[in-house]
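Presented as structure tokens, the chain that follows is alone, the form predicted alone.
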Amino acid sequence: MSDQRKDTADSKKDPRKIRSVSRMKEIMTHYYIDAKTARDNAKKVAWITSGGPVEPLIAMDVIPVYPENHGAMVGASKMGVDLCRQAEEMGYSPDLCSYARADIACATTQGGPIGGLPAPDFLVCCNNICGTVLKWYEVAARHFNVPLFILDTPFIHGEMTEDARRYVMSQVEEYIGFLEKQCGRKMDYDRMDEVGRLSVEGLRLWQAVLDTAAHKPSPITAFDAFFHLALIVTLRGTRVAVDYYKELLDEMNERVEKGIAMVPGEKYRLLWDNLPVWYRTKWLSEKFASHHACLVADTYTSAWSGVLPLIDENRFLESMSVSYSSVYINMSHDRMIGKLKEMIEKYDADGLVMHSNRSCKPYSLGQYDLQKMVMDQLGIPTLIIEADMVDERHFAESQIETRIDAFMEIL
């Protein structure tokens, strides 16, 4: 039985199962096959950071590959500990991001869930998500002996200044020139415009999918969103991504009409902050569901579509400088609390769960300040879970279970 037919059959047995999962798996399988056979088909591969500007790569017919996405796959496959240990044996500190450690180990051993990533022809690094990626991509550039382009974005304390916008825009122009040199041809700006429009359409559809969680009961949880995020990161700016999210949105709206609750007997609605704990998403989902709690939204999966108000689809390249600089973790706490307030109100959240992620310092540093601001300004209870997104050595199940139980008692 094919995956699609199996998922359809399963959804009839359990209406909570999302049919589109099989389509997502199919798309991602073809994507990785295309990336691994790129040289056979005279295509180039670029490694790029998850918050990096992928649209120009798509416009130049370069296959983008995301080491961070691969790191998430490593975590979900529960291969993180072994790979992180391998990186530590190579001399990398256990305090380094577990995505970086896992991917560095995979690059040298061709390990991991898909036998390593295809070797890049060049790398594109944008530091809007963290500073670690700068050194991580320098390591990769040396290992593969390929060029590296770095796009530097200023930290956004308030509103982005005109000087900052011009600074980033000048780098966008350099980025285009870099791609033209690597690909041996000029940018087709008509094609770039079309990719920009598809990117915006995909982002709007993704946000519409997330917004179905505002319905009570919610047809989707943050744990489902973690899985379905893949295409808006990996293939943003393609017709494939747009068509997929149309299908997923139709399915979510159908679930709303039928009153299908992802968490049966939904009683509490929670917001998640930070990256997932990839190796324990099922356990956490079931644990919260046992308390009739649904994690209806999160700051992580909404980060990509959160910049939509800053993008002009008719002047996509020009607006990239503002939108790519203004992602959630590249802004001040005052702006973060504003985003949290908007989400708590939109999804009518009863509480906030914060993953204090040992790996992701920019996302986690300051969470205790944000926790206090949420409680003082918004008056809702909060829970902090200490863990790591990939390295299971930093997950204390009994301690986390006790904290969740105690948190749910006060809601």
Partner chain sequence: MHTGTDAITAGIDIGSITAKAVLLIGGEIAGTCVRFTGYNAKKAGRAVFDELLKEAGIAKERVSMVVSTGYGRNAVDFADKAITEITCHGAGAWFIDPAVRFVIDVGGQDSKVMRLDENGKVVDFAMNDKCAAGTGRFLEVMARAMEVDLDDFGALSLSGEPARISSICTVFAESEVISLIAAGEARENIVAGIHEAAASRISAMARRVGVVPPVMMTGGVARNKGMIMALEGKLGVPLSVSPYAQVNGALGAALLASRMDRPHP
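Predicted, not measured: the structure shown is a model, and the values here were computed from it. Numbering follows the first chain given and starts at 1.
Unshown form predicted together with its partner chain; subsequent notes refer to it.
Participant: Which residue among R16, R403, K25, R19 has a heavy atom within 4.5 angstroms of its partner chain in the predicted complex?
Facilitator: In short, R403.
Participant: Looking at the partner-bound form in the predicted complex, is E386 within 4.5 Å of its partner chain by any heavy atom?
Facilitator: Taking the distances in the predicted complex, the answer for E386 is yes, it comes within 4.5 Å of its partner chain.
Participant: Looking in the predicted complex, any heavy atom of M375 within 4.5 Å of its partner chain?
Facilitator: Output for M375 is yes: heavy atoms within 4.5 Å of its partner chain.
Participant: Report yes if all three of H394, S398 and F407 come within 4.5 Å of its partner chain in the predicted complex by some heavy atom, otherwise no.
Facilitator: All of them do, each having a heavy atom within 4.5 Å of the partner.
Participant: Among 30-38, 378-386, 347-355, 55-63, which stretch has residues whose heavy atoms lie within 4.5 Å of its partner chain in the predicted complex?
Facilitator: Looking at the other structure, the answer is 378-386.
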